[in-house]
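Only one chain is included here, represented as structure tokens and corresponding to the form predicted on its own.
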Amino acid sequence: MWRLNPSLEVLPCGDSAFLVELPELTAVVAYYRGLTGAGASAGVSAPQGIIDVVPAARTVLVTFDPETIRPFEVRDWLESAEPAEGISGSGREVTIEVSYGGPDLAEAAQFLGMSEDEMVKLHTGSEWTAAFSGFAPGFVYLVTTHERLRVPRRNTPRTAVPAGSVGLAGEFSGVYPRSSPGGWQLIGTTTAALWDASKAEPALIRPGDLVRFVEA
């Protein structure tokens, strides 16, 4: 284990990966953006031999080819990465058209103490950053710079949420790429294809992307 600073640790995972532990999601986003060439490290690419950089809620997993790059060189790269400031997206910009009026829109708006129209305007007027992916192929956890859209998950999850459903849960917003069980508050739907395995880049949204919702 290497302790880089009081809030960040690097743990070896076998002989070809490191797991970086961070204290909170905003730190993960900033550190991931630093590793992938954003903010203060803009224009700096990963060293040859780095295979993948995968963010999660409190960690960043870095895999590498030990025949191309040595572990201590990866460690040095991880130590020298300068986290980007804030959580604003630094990758591609992705626009998602949404038909608002989901089954939980009224209840979520009431919970937040605002009208449905106010909630829709806030959701479309916010800049969302893709923090990390998970749960299902193409599903990305989106975060923004304020907490005015923070709502709890449903007490009773649905056994089937339709593909294209746009939801809120806790600090996150997201789009269900396919029909699946889920407990998020559903506020709208989109026809955008979040995952297409036939494409070279199957995921419509990738970590680091800036996402904007627009009312259809």
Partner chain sequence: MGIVVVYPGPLTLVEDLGRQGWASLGLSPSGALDRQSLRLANLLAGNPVQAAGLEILLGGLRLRFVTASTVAVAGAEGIVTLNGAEIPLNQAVRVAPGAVLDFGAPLFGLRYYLAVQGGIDAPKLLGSSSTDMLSGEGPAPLTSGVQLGIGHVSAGNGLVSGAGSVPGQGVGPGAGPGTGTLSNAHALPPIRRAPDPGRAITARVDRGPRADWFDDHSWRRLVSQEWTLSPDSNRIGARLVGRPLTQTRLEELPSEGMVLGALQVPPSGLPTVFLADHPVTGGYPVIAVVRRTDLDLLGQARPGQRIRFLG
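Computed from a prediction, not measured in an experiment: that's the story for all the values here. Positions refer to the first chain, counted from 1.
The protein also exists as the form predicted together with its partner chain; that form is not presented, and the subsequent description refers to it.
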Heavy atom within 4.5 Å of its partner chain in the predicted bound form - the one residue of Val53, Val161, Ala46, Ile69 that qualifies: Val53
In the predicted bound form, the one of Thr59, Thr26, Thr190, Ser180 near its partner chain [non-hydrogen atom within 4.5 angstroms]: Thr59
Answer range among 116 to 124, 99 to 107, 70 to 78, 129 to 137 for contact with its partner chain, defined in the predicted bound form as heavy atoms within 4.5 Å: 129 to 137
Close approach of Trp184 to its partner chain in the predicted bound form, 4.5 Å, heavy atom: no
Partner contact for Tyr176 in the predicted bound form: its partner chain, 4.5 angstroms, heavy atom: no
Contact test in the predicted bound form: Phe172 vs its partner chain, heavy atoms, 4.5 Å: no
Exercise: Tyr32 in contact with its partner chain in the predicted bound form, heavy atom 4.5 Å: yes
In the predicted bound form, residues of 111 to 126 near its partner chain [heavy atom within 4.5 Å]: none
